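Take a look at this single chain, the form predicted alone, given in structure tokens.
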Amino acid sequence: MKSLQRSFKELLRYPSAVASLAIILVLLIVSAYTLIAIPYGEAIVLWRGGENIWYQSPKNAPPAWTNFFTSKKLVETMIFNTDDEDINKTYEVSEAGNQTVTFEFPIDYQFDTFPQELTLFTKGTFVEKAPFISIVLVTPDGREIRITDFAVQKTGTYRFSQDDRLARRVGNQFPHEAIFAQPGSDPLVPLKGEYVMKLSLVTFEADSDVDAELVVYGQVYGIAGTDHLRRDLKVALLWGIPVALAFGLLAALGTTITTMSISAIGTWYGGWVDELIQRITEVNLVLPLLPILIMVGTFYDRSIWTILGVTILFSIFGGGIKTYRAIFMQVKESPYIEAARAYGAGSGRIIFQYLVPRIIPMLIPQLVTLIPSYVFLEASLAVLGLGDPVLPTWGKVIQDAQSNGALYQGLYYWVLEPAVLLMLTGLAFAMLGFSLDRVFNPRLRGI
């Protein structure tokens, strides 16, 4: 315990180690938060749900914080619902018993651009006579623009940009832009100020009702932006952290510990055991791991656990076998090994209590340094389209961006966000591994 405390204090002397530990700690905290806030089942449903779940999000929208770096303030998504308590509601009942309810959605429009789209989602409750809705937009300068009127069905979707009649009324312009434009401007310039979207609902039955939701789709959204399916990239970016850490750590641990144990067994027993291990290692060294994983993902299974198992299996008999063998050959001839033999210690006891512990100081830095290589391997497979078909990961985000022309459309955030997280994770473990190497291998401290 005291030696571990001394090693930790020695590690904190290096600024790179402190920085890497801080990054890894943040990644671990975010991973724990992700697993609690977005459980596995919910994350899968969200990521595979598409527009049925993400109907309130705009398509291909950069993060909202990009507004701090642009000369023009881009539109942010606004959502209004008839169930909201802070909107004005007016009720009228006619002599015939029909009820008219007017909802006023206040739209504070202080943007320099136009929204992607405006959509009204409606749900009607009635038996025979469908409710009727009329929509009017009151502009900041007092004009009233009649949008549309229609009978409300059980479920319905009205998209402003697809209404040809509305387009003709606003001068054959894009309706979702023209209604927010200054009169007579060419090209169209947004008119800033307070707008009011009035929805007048008329019901003809006693228990008839209408729920309406107006979504003003912005050009920016959330902390991470959205993709071509309106999905919030925050889900994949957050879940990519525990997936990357778990895959990298399990692969590094499984590979390093197994490789070291096999090498120790071969060195101790020697003879045909050592020869067999060395021949398997030499054959395995010429086998390309990535093409093998591609074949496994293509012809067998793309599950992350299958890929993890194959990765560990083919990494066990790697170059580390020969490195550890060279060290074990020296340790095997040490006096304390001869002493253990003299008092009758068995082979198993000598291997796992005398040989293996001797090289643990060398094992730890190598294990930490291996983690980012496996993180990048998992991301590479996902970019090639061979990642886990269910889990949202960083590599899958990059693959979606690549296949949907994100760079050609200028949607750089779609690629940069997961790429930066990958590089940050790799940098943190690499710096920690180099610092641990200096602590456990004193000869490197002066370099």
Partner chain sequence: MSAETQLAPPGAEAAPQKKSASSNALTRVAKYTAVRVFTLFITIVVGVYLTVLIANMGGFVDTIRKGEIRESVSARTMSDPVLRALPPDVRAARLEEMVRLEEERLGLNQPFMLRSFRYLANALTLNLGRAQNMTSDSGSRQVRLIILERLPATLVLFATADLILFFSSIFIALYLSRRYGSFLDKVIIALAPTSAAPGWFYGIFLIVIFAALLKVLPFGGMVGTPVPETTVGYILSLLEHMILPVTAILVSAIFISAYSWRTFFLIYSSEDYVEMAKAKGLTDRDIERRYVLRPTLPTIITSFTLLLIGLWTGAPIFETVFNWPGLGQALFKAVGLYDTPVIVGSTVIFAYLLAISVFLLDFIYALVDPRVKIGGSQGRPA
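Residue numbers count along the first chain shown, from 1. Not measured: the values here are computed from a predicted model.
FYI, the form predicted together with its partner chain isn't displayed, but the following is about it.
**Q** Pick the stretch from 151-159, 213-221, 120-128, 315-323 whose residues have a heavy atom within 4.5 Å of its partner chain in the predicted complex.
**A** Flagged stretch: 315-323.
**Q** Taking Leu27, Tyr55 and Ala246 together, does each of them reach its partner chain in the predicted complex with some heavy atom inside 4.5 Å?
**A** Per the other structure, none of Leu27, Tyr55 and Ala246 touch its partner chain.
**Q** Can you pick out, from Trp272, Tyr343, Phe299, Trp305, the residue that has a heavy atom within 4.5 Å of its partner chain in the predicted complex?
**A** Exactly one listed residue reaches within 4.5 Å, namely Phe299.
**Q** Considering Tyr40, Tyr412, Tyr33, Trp65, which brings a non-hydrogen atom within 4.5 Å of its partner chain in the predicted complex?
**A** Checked against the cut-off, the match is Tyr412.
**Q** State yes or no: in the predicted complex, is some non-hydrogen atom of Leu384 no more than 4.5 angstroms from a non-hydrogen atom of its partner chain?
**A** Yes.
**Q** Please tell me whether any heavy atom belonging to Leu422 falls inside 4.5 Å of a heavy atom of its partner chain, as the geometry stands in the predicted complex.
**A** The answer is yes: Leu422 has a heavy atom within 4.5 Å of its partner chain.
**Q** Although its partner chain is absent from this view, report whether Ile23 comes within 4.5 Å of it in the predicted complex, heavy atoms only.
**A** Residue-level check for Ile23: no, no contact with its partner chain.
**Q** Using heavy atoms and a 4.5 Å limit, would one call Ala61 a contact residue for its partner chain in the predicted complex?
**A** Contact with its partner chain, no.
**Q** Under the 4.5 Å heavy atom criterion, name the residues of 390-404 that approach its partner chain in the predicted complex, in sequence order.
**A** Heavy-atom contacts within 4.5 Å come from Ile398, Gln402.
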